[in-house]
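We begin with a single chain expressed as structure tokens, specifically the form predicted alone.
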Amino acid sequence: MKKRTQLILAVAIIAIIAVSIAAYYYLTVPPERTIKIGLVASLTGPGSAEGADMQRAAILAVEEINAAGGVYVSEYGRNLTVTLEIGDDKTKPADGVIAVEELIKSKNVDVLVGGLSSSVTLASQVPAIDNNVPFVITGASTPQVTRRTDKNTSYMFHYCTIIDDYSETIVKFLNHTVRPTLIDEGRMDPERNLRLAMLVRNDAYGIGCYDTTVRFINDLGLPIEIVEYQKFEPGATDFTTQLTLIQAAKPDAVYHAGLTAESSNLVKQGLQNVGLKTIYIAVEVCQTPQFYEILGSWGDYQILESKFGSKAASYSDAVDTYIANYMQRWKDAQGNPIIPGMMGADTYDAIYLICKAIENAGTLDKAKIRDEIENIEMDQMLIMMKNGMIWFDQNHEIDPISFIEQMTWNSTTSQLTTYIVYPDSLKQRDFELPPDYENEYS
């Protein structure tokens, strides 16, 4: 009996010790955790082409990072996998707010990435600001997302070309390349200014492009004058009225700022319906498969400002690898590889940047992640930087290199390809005027 009592007592003591150890472990060792990144993308509405590219690129980046072992976080003493939570802002400000609030409050994300439309992101970033959630914005081009004064933007970061970059590159290209070509080919009096028309989205993005174009022309003292300025409402499909007024102003070129469907359709309508046979210059947000598909042969000899050439001849090993991996990973309904776009490239880079900052922070504390993003220094990835390094300035903006591509139609493959024609340091071939180009010599 005594031995039995001793055995029972010993078992009880062992059980108490085991429970104590388990309780101690539960209370002191962090539970299983993943790094939650919330992607804010326009999966429906006018920005759906760009949003789909952002989603595909983000998924690819997360898959690559997890396949390589995840991200080491010293607070947890191990590598954590990355999970992607996705919110559709529907290309509408109110829906953007709802999407971000859900990502923060219901999905409990650690960091946000994405944001396409400027007007939508100016609204959707507010819940992130109010809740001190780091947000690496990869689409909205207005600098106000990090420079606004009505809100504390210290948790906001801009991994994207801003409207200043678009306009500076475009007006310098017009002055350096287009104007001399017109003069050399006897299509323009050397004494007159280049006549530029602008057709832009009636929002912070489009109006910002106009304002910065005026500023750069004046600040740089360029022989360029804006002879017509027209706007269209977001999601517009008919641009005939604006294009007709532009045609009457007899421009040498048209700089248009819209999203994929808007810009591609306005070029087609200008050439096909209005007969405005000029140089149309689009902004990089349009660099999506849909842009080339909608344009078709109407895109021959037309221009696209960008910082990522998915259809250009090879100019970067990193870009070549990304394009190959992206096209292997993503196929359309017919099984054809999908070509990556500009917004996805920004988002892909930003996912890696966020994970590097978390590894540097060694924690998922949002304030510490914010600090590490602010102080990040890492080699450039897909987007070329002017000093070869990714870092943020005092405005939480990067310093990317943008360039000008000219599209050409391949009648054999029935596809558009592109070549970099500006600046000289990246040029792959010379700029050419469209064969049916028309302007008024004076």
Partner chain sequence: MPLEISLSTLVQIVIWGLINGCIYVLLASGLNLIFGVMKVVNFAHGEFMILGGYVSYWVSIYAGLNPYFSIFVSIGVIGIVGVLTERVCFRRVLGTSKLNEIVLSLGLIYVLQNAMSVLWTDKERQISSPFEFITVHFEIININMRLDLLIVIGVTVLIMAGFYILIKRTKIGRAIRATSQNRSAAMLMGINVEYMDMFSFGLGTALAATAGTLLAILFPALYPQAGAMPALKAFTIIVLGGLGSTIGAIVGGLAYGLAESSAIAILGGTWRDAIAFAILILVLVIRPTGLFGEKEA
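Please read these numbers as outputs of a predicted model, since none were measured by experiment. Residue numbers count along the first chain shown, from 1.
Although not depicted, the form predicted together with its partner chain is the subject of the following passage.
- Query: Taking 4.5 angstroms as the cut-off for heavy atoms, does Thr34 touch its partner chain in the model of the complex?
  - Reply: Contact check for Thr34: no, nothing within 4.5 Å of its partner chain in the model of the complex.
- Could you tell me if Ile183 has a non-hydrogen atom within 4.5 Å of its partner chain in the model of the complex? No, no contact at 4.5 Å.
- Message: Contact with its partner chain in the model of the complex for Lys268, defined as at least one heavy atom pair within 4.5 Å: yes or no?
- Response: Yes, Lys268 sits close enough to its partner chain in the model of the complex that at least one of its heavy atoms falls within 4.5 Å.
- Query: Applying a 4.5 Å heavy atom distance criterion, does Glu228 contact its partner chain in the model of the complex?
  - Reply: Glu228: contacts its partner chain in the model of the complex.
- What is the one choice in Glu75, Asp189, Asp219, Glu293 with a heavy atom within 4.5 Å of its partner chain in the model of the complex? Checked against the cut-off, the match is Glu293.
- Message: If the cut-off is 4.5 angstroms on heavy atoms, which of these, Ser106, Thr244, Asn152, Asn325, is the one near its partner chain in the model of the complex?
- Response: Partner contact (heavy atom, 4.5 Å) among the options: Thr244.
- Message: The chain here is shown without its partner chain. Which stretch in 110-118, 269-277, 301-309, 172-180 comes within 4.5 angstroms of it in the model of the complex, by heavy atom distance?
- Response: Result for this chain: 269-277.
- Task: Decide if the three candidate residues Thr44, Glu233 and Ala261 all line its partner chain in the model of the complex, where lining means a heavy atom within 4.5 Å.
- Result: Every listed residue reaches its partner chain in the model of the complex, so yes.
- Contact set, 194-219 vs its partner chain in the model of the complex - heavy atom within 4.5 angstroms: Contacts from 194-219: just Asn202.
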